[in-house]
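Next comes just one chain, in structure tokens: the form predicted on its own.
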């Protein structure tokens, strides 16, 4: 792991340097209570002091809705979209979201590679930034409050400087090509980093014990708490849409009025929607709100690809219109609260 120092007075020049690698996408304040990732032209547009965005940055790698190919039934031909050659710099990503994308990378890039995900990741530069947790963050509990991989550069705020960790060969080349912006760390910088990390870790106010959680969920299969929270649940699927690790999608064919041509479309999907468990013949594996809620919580509490399926970002709680608290449910499952 290579470490460098970036003075905050060089942040404007750093931003301009990033623009040479592609369109810069960064967190921007959307409302008084929410941020979003969007393209920015200048450093004055972005807000690196944000806590979380509503929609996670995974939207730039797995689009909410995209055409996989168009087709012509009569000619028995299909046409895929042109290759994705647009470069992007994803600036200001928090560790929890980077860890979320590391899981998605395993799903979409390894056993059965998804060409669209591969092309987008190949043409992207990910720059992480440290954050200060609020009362809904619990990434410390899930072990995802610190990113070891999945980024080019990671900026840790240590006062009037950033300690910059290099996480890839691409990141190493960025530092090398813009060496005038960076300096070697001194002992005082390393001490400042250690103190900043202590402060960040001590600022977490909620936690959940993840050890053995899946067994606790299995033993709580018939617990009345599922019906209790299902009464509150609107079944809107918002928790899935804002989750950085949800990767369910639906695929639909849309036929044009000529009944010959059309397109195949992939879109995000939600296990909280009634038709998610619907199969041929009309049977539904999860026909009730209670069963769908229990299924989602079990999914988030499980280990997928040898890592937790929840990164503790707090989005599902913060943006739930029914004010359902995810951590509260898990604490009841474990018996920590009644």
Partner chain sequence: MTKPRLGIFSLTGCAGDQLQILNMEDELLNLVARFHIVDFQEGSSHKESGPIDIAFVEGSVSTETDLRHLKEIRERSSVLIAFGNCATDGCVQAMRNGETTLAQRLKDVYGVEPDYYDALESKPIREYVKVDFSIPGCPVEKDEVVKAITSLLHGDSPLGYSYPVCVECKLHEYPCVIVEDNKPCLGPVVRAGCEARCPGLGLDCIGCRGPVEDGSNFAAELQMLLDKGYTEEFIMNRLRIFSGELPEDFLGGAK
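Here the structure is a predicted model, which means the values were calculated and not measured. Note that the rigid core is defined as the largest set of C-alphas that superpose within 1.5 Å between two forms. Residue numbers count along the first chain shown, from 1.
The same protein also has a form predicted together with its partner chain, omitted here; what follows describes it.
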- Query: 252, 202, 211, 179: which sits within 4.5 Å of its partner chain in the model of the complex by any heavy atom?
  - Reply: 252
- Task: Could you spot which one of 191, 258, 85, 149 gets a heavy atom to within 4.5 Å of its partner chain in the model of the complex?
- Result: 258
- With the partner left out of view, is residue 275 within 4.5 angstroms of its partner chain in the model of the complex by any non-hydrogen atom? yes
- Using the partner position in the model of the complex, report whether residue 307 sits within 4.5 Å of its partner chain, counting heavy atoms only. no
- Query: For residue 40, is any heavy atom within 4.5 Å of its partner chain in the model of the complex, or not?
  - Reply: no
- Within a 4.5 Å heavy atom cut-off, is residue 330 in contact with its partner chain in the model of the complex? no
- Tell me, please, which stretch of 167 to 175, 260 to 268, 138 to 146, 93 to 101 lies within 4.5 angstroms of its partner chain in the model of the complex when heavy atoms are compared? 260 to 268
- Query: Which residues, if any, of 304 to 321 lie within 4.5 Å of its partner chain in the model of the complex when only heavy atoms count?
  - Reply: 318, 319, 320, 321
- Query: Any CA movement of 2 Å or more for residue 74 between the shown form and the other one, core superposed?
  - Reply: yes
